[in-house]
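In the form predicted alone, a lone chain appears below as structure tokens.
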Amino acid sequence: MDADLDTDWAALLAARDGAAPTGPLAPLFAPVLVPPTAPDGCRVVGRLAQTLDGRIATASGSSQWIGGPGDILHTHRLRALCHAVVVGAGTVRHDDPRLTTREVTGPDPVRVVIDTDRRLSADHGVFRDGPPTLLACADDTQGGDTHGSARVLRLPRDPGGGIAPAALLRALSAQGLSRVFVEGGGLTVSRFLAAGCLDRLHVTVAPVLLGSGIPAFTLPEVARIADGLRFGWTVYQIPPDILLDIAIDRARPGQS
């Protein structure tokens, strides 16, 4: 990272705890840093990296990394600016991510793994060492109050069998974790979007065609094009990819 980028990032990082964002990075990241207004007490940004044909992984689940160096840097910046980073069990199972800010200067977020039925082994790196970790599971699952080095967070099971995003956000807010980065995977981001629990959505589009694989979004079906969720976006260059910054503002797909 060159000196100018170091200075730009330092100016933005200073805004993490309340200062007004300044500098060339502010237009992209300032919307992430605004105070929460939702009843759950959180400001939530979701992020996906997809191919040009809308895939986030191959059919076998391989996904690291679809995006290039610019996307990796962007992801680590979001981690540093947020209090908590949320991933689903599938992401941990397939990628064994560390979820740290090793590519940038800045604090590591609290790591939150959603594993409703508590099926993940404690051998995964996120449960062994590194920053504090929460394992969010249903309150009817068996097991102790820790999972490896992670603390277990028990939440009500919703009628669909999972954990409601709104319930998780309320629990995180109660612990002072009000700026939340939902990093993946596609099902987890889609569930937050379908529940109306995203304020912003950052989508990286990489110049790659897979032809098959796991789709970026899995959302409730709509009958007409007019029923789809439309939104404004701003496009940023993060070579060799592009980044779409989308204002979701807690909208839900399929609802007028």
Ligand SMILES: NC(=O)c1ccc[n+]([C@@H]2O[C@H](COP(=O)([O-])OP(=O)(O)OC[C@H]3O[C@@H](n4cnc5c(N)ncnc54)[C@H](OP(=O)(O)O)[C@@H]3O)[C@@H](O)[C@H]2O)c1
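Remember, it's a predicted structure, so these values are computed and weren't measured experimentally. For every residue, the number given is its place in the sequence shown, counted from 1.
What follows is about the form predicted together with this ligand, which we do not show.
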property: Output flag, Gly90, Arg119 and Gly162 jointly within 4.5 Å of this ligand in the predicted bound form, heavy atom basis; result: yes
property: 4.5 angstroms heavy atom contact with this ligand in the predicted bound form for Leu210; result: no
property: 4.5 Å heavy atom contact, Ala150 and this ligand in the predicted bound form; result: no
property: Non-hydrogen atom contact Arg43 with this ligand in the predicted bound form at 4.5 angstroms; result: no
property: Close approach of Asp95 to this ligand in the predicted bound form, 4.5 Å, heavy atom; result: yes
property: Leu229, Ala30, Leu187, Ala38 - the one with a heavy atom within 4.5 Å of this ligand in the predicted bound form; result: Leu187
property: Answer range among 172-180, 108-116, 125-133, 141-149 for contact with this ligand, defined in the predicted bound form as heavy atoms within 4.5 Å; result: 108-116
property: Contact set, 201-232 vs this ligand in the predicted bound form - heavy atom within 4.5 angstroms; result: Ile214
